[in-house]
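Take a look at this single chain, the form predicted alone, given in structure tokens.
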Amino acid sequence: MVRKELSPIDVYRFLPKTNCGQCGEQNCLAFATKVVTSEARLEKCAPLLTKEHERARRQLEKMLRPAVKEVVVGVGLHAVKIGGKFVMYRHEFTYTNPTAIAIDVTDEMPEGELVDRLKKVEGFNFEFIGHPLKLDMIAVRSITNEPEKFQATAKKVVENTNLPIILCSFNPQVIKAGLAVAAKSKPLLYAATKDNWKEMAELALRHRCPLGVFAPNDLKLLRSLAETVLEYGIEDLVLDPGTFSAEGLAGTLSNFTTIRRSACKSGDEFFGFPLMGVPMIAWTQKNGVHEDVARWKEAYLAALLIVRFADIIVMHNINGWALLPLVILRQNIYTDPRKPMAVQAGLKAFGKPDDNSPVMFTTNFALTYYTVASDLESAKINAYLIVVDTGGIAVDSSVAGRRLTAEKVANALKASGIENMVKHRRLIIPGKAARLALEIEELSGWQVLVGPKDSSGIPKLLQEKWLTQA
């Protein structure tokens, strides 16, 4: 039974039915509902973890198993989970475990350049509508094919970052040398091929590491290799069907799509593993073109792979102009389509407002709130902002859908306690809520000043109207 087709009753049948509340829910049926929608995990049910309910727990684990297995790379707080997909398309259910973005380093890099690159990767941090956007992994690539050099590079990486690692070489002896210093980090070993699979599988088993399987543009061979290493005892795999740009781009996207469809729609267990793409292939096919062209090709190839089911991508460029659009794209794809992105409603203070400072309101749609907040902060405005709960809907849509009403604004004003914090009774409202102005005045007793439709116009409004009417 596919996860999205499960009902809470399907899960409830196997729960202890004690209604103990240890999971944080009122009863077992409420917990079952959260489990089906991926808002709660089975581990939260303490009675289910006992030996008495072991059989039921295993049955539930089987029922709830994703079409694409979840694989963990790394250890501790910095470990990265990849895969764990239940459906092919996000509108069917939701996506879990955002695409991990790895940046490469090589065993040819001087130590100073290597350490500086690691610091830049760890220092990449942007906030987008309240969510931190970061890079996830380091791919250590063997260029020299010399075990000693690779080991020294892997050692420097382990010493200078806590990010999960991918050890990259087709030479098992090189991977073995890297594991001598990085095994405790539980790296992803990349990659097993038709020529080296047995040696690579031995290393993965010995060190309990996930294993990448590589068969460029040959899905039949890739599936056969996956089946072979699974029978050998490996449990955690990552599949790489090859990444090609230019004339091979259409085939690359077709291969990724075919694998994911086979896993999610046909239940193919040998294709039910995370997918790995390598957009940095654009750098190996420069053919004399300018580096900026290679960066651009790598960036659009990465974007296509994120959209087309890649669970890990390996990149070379660390320029913000290329990476920032990618992490924002990833964030947008991996939000829950069932839930609007909302912030906590209530009173917010910007700068150091006093009893004469402006009072305004907006909705709790995350993008709207952070846009307004950014404009207030960049203009260094001292003001109070009341965030009205509209269920995470923007101003114009919530006005049209009656999620934002004059009554709701008046109630939010009263609940905020702002009347005890300022001497005046003047409220700036969004320009897109202008039609509510008179009714807000009648219900609240506050004088309403209609603001701009775009919050970037707030500084000008305050200069021209607020200060002149003070």
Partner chain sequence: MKTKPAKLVEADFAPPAPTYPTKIVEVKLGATKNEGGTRGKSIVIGGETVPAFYGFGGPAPHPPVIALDVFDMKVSLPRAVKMHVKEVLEDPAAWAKLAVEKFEADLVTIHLVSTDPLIKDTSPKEAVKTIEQVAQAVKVPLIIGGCGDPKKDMDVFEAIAEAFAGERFLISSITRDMDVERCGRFIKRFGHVALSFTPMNMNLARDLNRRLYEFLPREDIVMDLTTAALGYGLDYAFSNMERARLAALAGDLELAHPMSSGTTNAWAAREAWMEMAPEWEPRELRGPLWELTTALALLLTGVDLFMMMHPAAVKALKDVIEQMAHGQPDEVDKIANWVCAKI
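Residue numbers count along the first chain shown, from 1. Quick caveat: nothing in here was measured; it's all calculated off a predicted structure.
Beyond the structure shown, there is the form predicted in complex with its partner chain, which is absent from this document and is the topic of what follows.
Within this chain, His53 is remote from the site of its partner chain in the predicted complex, having no heavy atom within 4.5 Å. Among residues of the shown chain, Arg435 is one whose heavy atoms approach its partner chain to within 4.5 Å in the predicted complex.
Within 4.5 Å of any heavy atom of its partner chain in the predicted complex lies no heavy atom of Phe361.
Under a 4.5 angstroms non-hydrogen atom cutoff, its partner chain in the predicted complex has Gly242 among its neighbouring residues.
Heavy atoms within 4.5 Å of its partner chain in the predicted complex are found in one stretch of 381 to 389, 250 to 258, 178 to 186, 157 to 165, which is 250 to 258.
Each of Leu205, Ser262 and Trp296 comes within 4.5 Å of its partner chain in the predicted complex, counting any heavy atom. Interface residue among Thr335, Gln173, Ser357, Asn97 relative to its partner chain in the predicted complex, by the heavy atom within 4.5 Å criterion: Thr335. For the residues Ala152, Leu304, Val72, Val115, the 4.5 Å heavy atom test against its partner chain in the predicted complex is passed only by Leu304. Residues of 327 to 355 placing a heavy atom within 4.5 Å of its partner chain in the predicted complex, in sequence order: Ile328, Leu329, Asn332, Ile333, Thr335, Lys339, Pro340, Met341. A shift of at least 3 angstroms brings the Cα atoms of Val307 and Ser397 nearer to each other in the predicted complex than in the displayed structure.
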